[in-house]
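Below you'll find only one chain, the form predicted alone, shown as structure tokens.
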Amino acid sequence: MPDDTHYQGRVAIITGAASGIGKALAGALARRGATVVLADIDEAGAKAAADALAAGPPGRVSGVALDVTDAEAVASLVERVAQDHGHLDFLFNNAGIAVAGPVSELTLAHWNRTIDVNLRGVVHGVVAAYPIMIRQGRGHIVNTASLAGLLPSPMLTAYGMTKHGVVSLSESLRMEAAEHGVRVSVVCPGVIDTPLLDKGNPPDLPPVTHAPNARALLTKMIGRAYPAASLAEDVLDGVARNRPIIVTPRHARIPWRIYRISPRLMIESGPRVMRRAVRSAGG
């Protein structure tokens, strides 16, 4: 059963909340009675998502513009929300982008954009929220990584690199933060059914001629796509239980366990599996 009391009356900020996992998390938090700020670079999308939630569940919601690559903007939003409500209980560093393709075709622009959004964006959130939570003596930072942050991710190397960084940041910070009463969790989803699967690389980056269809590739390598709404419930249950690493859905834990037991097995068999998956994905 969901632990509704854990979120009742709490204040949360979610980045990347206009769609996908962020939007699903916002809905689940609002249903559990939280006040939720949906932040996204797509201001219209964030406000539309907030308006849709405001018409439904009892939690208070709002949508705001936020570019997570802008450290000052992130700090300003976090400070304003904490001041307006007197506290900040949760920060979900969820904003992210996917960049796919062979490393031989990636330019510095691909690497820098992925790092700026997926890794620096999380760092900006941590730097803004962690001191506030230390002063409060409580709070929970939840960082969205990926199964690609726990496993090798060929054809998603830049993306996987940043997600490994988010996992390491979260695990190390969790150990430091415990003495201050602050909690840290990292979410490592498998294939989640969101618009990100079908978006392709950011259109303003140089085209990659051998980029596979992300949905087809990941489904072939990891398993079927999982609904974002189901993921959100799993995440909030895991956060309420203060789990350090939240891997979901259940079938996504199988490759993670195999890799933990025998990294060599996965790395050596990976090229063959990847070639089959890429062929079937049209890459």
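Since this is a predicted model, take the numbers as computed values, not measurements. All residue numbers are counted from 1 along the displayed sequence.
One more form of this protein exists, namely the form predicted in complex with a small molecule; it is left out here, but the text below deals with it.
Among Val68, Ala34, Leu236, Leu53, the residue placing a heavy atom within 4.5 Å of the small molecule in the model of the complex is Val68. Contact with the small molecule in the model of the complex, defined as a heavy atom within 4.5 Å, holds for exactly one of Pro195, Pro207, Gly181, Pro152, namely Pro195. Only one of 169 to 177, 78 to 86, 128 to 136, 156 to 164 lies within 4.5 Å of the small molecule in the model of the complex by heavy atoms, and it is 156 to 164. Using a 4.5 Å cutoff between non-hydrogen atoms, Leu119 does not count as a contact of the small molecule in the model of the complex. Though the partner is left out of this view, Val11 does not reach within 4.5 Å of the small molecule in the model of the complex, counting heavy atoms only.
When contacts are judged by a 4.5 Å heavy atom cut-off, Gly101 does not count as touching the small molecule in the model of the complex. Within 4.5 Å of some heavy atom of the small molecule in the model of the complex lies at least one heavy atom of Val191.
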